[in-house]
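A single chain, nothing else alongside it, follows as structure tokens in the form predicted on its own.
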């Protein structure tokens, strides 16, 4: 059974691994000409995703490539003296197990789990999909057209498969009031295992180094009541917007970071937007990860959600013997609570780490001080009592879907 997967970041290679293991024949198409080697930005894997990559045999390499950021030093508008907090204290609030890794390192490690066993079509993308009920005819920019039994869009927040199947992006996305920027820069502070953060009213900036990276990354987040006017490929305009919102940040590191924005070779800028859809499936086509249910970049645990969604989708297809009419609804039902939780978590996180008033900025600083002093178990207990604790980021059960009779390739 031939299955086309669009996207080679996180959900795509996880899907490829498990589909192959269950006896399907996956092909992955990726717009980029090769796997990206720029290091990307840091992403998190929480307990359910950790269990999945362990089952894939990728955990030892992921540990080797973890960022190693153990300490966060926080300054801010309402912080008289900088606060040092151990990263593990913050992550244990959400999950018993956690690792932070650069996104591109993670993608490469996941790709290596299927390298040589799964066909990858790099430097190409889908231009047309025609589902006639018995299969899907796919046209590509470069590769001659092919027919597949199923098509899965794992191609991110700005999914091409979603657009071709469900219509324009604006029909399925919800801007939640903030923007995110990430740049590369020389590690002039010699940061090793440490992140420096400045939290102000309506904006936050930070800089960190990572093991094996050889340079640093700066992250910027800011609030905007209205969506900004720019084209997603207009990098100079995006840099201009980022500089405008941080030029007067009262932090001693800000002038250097602002200067580095213009000359950054690695640059990312996007709205913090959620994907909200009633269904992720139509006929023989479905979506996985950010393409179907992004909780918002950097705020909702989207990388872990993507890995879990890919695993569940592949598992449900295996359990249904490849029958998408049974597998797709089962996949959506199993993931529904996790997706709802991640969206709510993303909204809360964006409001918390980018406070909109001085009072909330002060409350954030006090919360960090509290987490830094109380035993981790006591903090987790208090969060569970307030119903804002980890939920599926820690407790989502990872089932074994291995079928008695695997599907024949």
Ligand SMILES: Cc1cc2nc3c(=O)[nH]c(=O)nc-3n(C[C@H](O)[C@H](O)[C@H](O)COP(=O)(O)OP(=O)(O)OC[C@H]3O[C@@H](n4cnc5c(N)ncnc54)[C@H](O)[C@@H]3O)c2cc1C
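Positions refer to the first chain, counted from 1. Computed from a prediction, not measured in an experiment: that's the story for all the values here.
Quick note: we don't show the form predicted together with this ligand, though the next part is all about it.
**Student:** Can you work out which of 276, 78, 239, 103 has a heavy atom no more than 4.5 Å from this ligand in the predicted bound form?
**Tutor:** Exactly one residue meets the criterion: 103.
**Student:** Only one of 351, 47, 36, 61 has a non-hydrogen atom within 4.5 angstroms of this ligand in the predicted bound form; which is it?
**Tutor:** None of the other options qualify; the answer is 36.
**Student:** Does residue 314 make contact with this ligand in the predicted bound form, using a 4.5 Å heavy atom cut-off?
**Tutor:** Looking in the predicted bound form, residue contacts with this ligand do not include residue 314, since no heavy atom lies within 4.5 Å.
**Student:** Does the 4.5 Å heavy atom contact test between residue 152 and this ligand in the predicted bound form come out positive?
**Tutor:** Contact check for residue 152: no, nothing within 4.5 Å of this ligand in the predicted bound form.
**Student:** How about residue 160 - does it come within 4.5 Å of this ligand in the predicted bound form, if we only consider non-hydrogen atoms?
**Tutor:** Taking the distances in the predicted bound form, the answer for residue 160 is yes, it comes within 4.5 Å of this ligand.
**Student:** Is residue 42 close enough to this ligand in the predicted bound form to count, meaning some heavy atom within 4.5 Å?
**Tutor:** Yes, residue 42 is a contact residue.
**Student:** Is it the case that 29, 182 and 297 all touch this ligand in the predicted bound form, with a non-hydrogen atom of each within 4.5 angstroms?
**Tutor:** Spot residues vs this ligand: full contact, yes.
**Student:** Tell me which stretch of 246-254, 186-194, 131-139, 299-307 has a heavy atom within 4.5 angstroms of this ligand in the predicted bound form.
**Tutor:** Looking at the partner contacts, the answer comes out as 299-307.
**Student:** Given a 4.5 Å distance limit between heavy atoms, list every residue of 117-146 close to this ligand in the predicted bound form, or none if there are none.
**Tutor:** The stretch touches the partner through 124, 125.
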